[in-house]
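There is one chain below, alone, in structure tokens, taken in the form predicted on its own.
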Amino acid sequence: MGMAPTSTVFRDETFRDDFTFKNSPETVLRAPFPFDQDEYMYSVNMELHEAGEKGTAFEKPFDVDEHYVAEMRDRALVLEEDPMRCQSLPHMTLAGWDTLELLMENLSESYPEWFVLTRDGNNWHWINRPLDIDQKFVFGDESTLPYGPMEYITRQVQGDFAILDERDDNLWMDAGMVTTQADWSLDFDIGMNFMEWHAPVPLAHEKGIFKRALKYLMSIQQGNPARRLNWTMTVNPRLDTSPENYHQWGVENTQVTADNVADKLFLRIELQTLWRLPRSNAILFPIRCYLLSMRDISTVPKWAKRFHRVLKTLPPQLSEYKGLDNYRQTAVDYLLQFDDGGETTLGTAPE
């Protein structure tokens, strides 16, 4: 169904300017398609983050795919332009070391051909072959790394990362590396609690979804991570759709036409996982972004049929909140040709 890690060739591509990003057919099939039925309503949809089927995005705890090197290059460009995309409040340093340990351990165990971690007490040696990094450092001593521990390791892992401090019966977004977000700002949200940063989401508050979600998140135990899928849409394969750069990408939302929708409009999928950290008791919240063009989706009959029905029946409040109104009908019209009206099977896997 997908490529084994050893066969992956990292693409030389861009997520800005000339937009040379492209998915291989194998990468399309391994994507975590977010719809398990033919309609969508915002829900908690949490499950244990257990190892999934071989060749899927769920196979390993942290997914590394053909876009890895290019995504890390794009992250470095964002941080060069705006260092505030990575922030950590002073009390979150220990959680940063927790994060570094969790990511280095998992990457080196999951992909030993690319990542190597050796430890002699607090003397650690980290090798990242795809990014040509060879770093010896002392665990717990920030002076031995070129960046703080959270920034150092999240410059080397796909997806955004928020670290949530637990106190006063709530979770507080007190650190993060956020360069591939769907129109939200770490600089604005940092220091906010769970209810405050989710305040703009329509319908969910009235249904009590966030109260249930917060209760669930605070019950997460070390060694038992959880996951959920979220989604929106993006014009062009642009990772950095931040409020800070709205002046660059906002106008693109009006440029989708029947002639270009297949390759210009993307389903933006977020694989969100949640990990209890051992020393700090904080929760690490990785948000991994996957981009599928409408043409990519059309190559998987079940997905094309289902996404047509999801978009066609999406509640207006959710369409507006997700920013889809400029191009939703164009997408529905394009996907109609792939929907024969027949039944689809439950679940997200291709037929």
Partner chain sequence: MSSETIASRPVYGSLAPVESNYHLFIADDHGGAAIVELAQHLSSDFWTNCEIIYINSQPNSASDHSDAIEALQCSKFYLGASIDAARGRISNSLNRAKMGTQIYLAGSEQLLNVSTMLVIEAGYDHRSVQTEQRGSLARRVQCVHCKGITPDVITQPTVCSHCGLLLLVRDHYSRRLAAFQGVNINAEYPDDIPETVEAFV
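Source: prediction; values computed, not measured. Positions refer to the first chain, counted from 1.
Below, we refer to the form predicted together with the partner chain, which is not included among the displayed structures.
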{"item": "Candidate site W172, W197 and P243: all three near the partner chain in the predicted bound form by heavy atom within 4.5 Å", "value": "yes"}
{"item": "Any non-hydrogen atom of F188 within 4.5 angstroms of the partner chain in the predicted bound form", "value": "yes"}
{"item": "Non-hydrogen atom contact V251 with the partner chain in the predicted bound form at 4.5 angstroms", "value": "yes"}
{"item": "L229 within 4.5 Å of the partner chain in the predicted bound form, heavy atoms", "value": "no"}
{"item": "Exercise: M192 in contact with the partner chain in the predicted bound form, heavy atom 4.5 Å", "value": "yes"}
{"item": "Answer option from N326, T313, Q37, S319, heavy atom within 4.5 Å of the partner chain in the predicted bound form", "value": "N326"}
{"item": "Residue among E80, D259, D120, D168 with a heavy atom within 4.5 Å of the partner chain in the predicted bound form", "value": "D168"}
{"item": "Contact stretch among 251-259, 95-103, 70-78, 109-117 - heavy atom within 4.5 Å of the partner chain in the predicted bound form", "value": "251-259"}
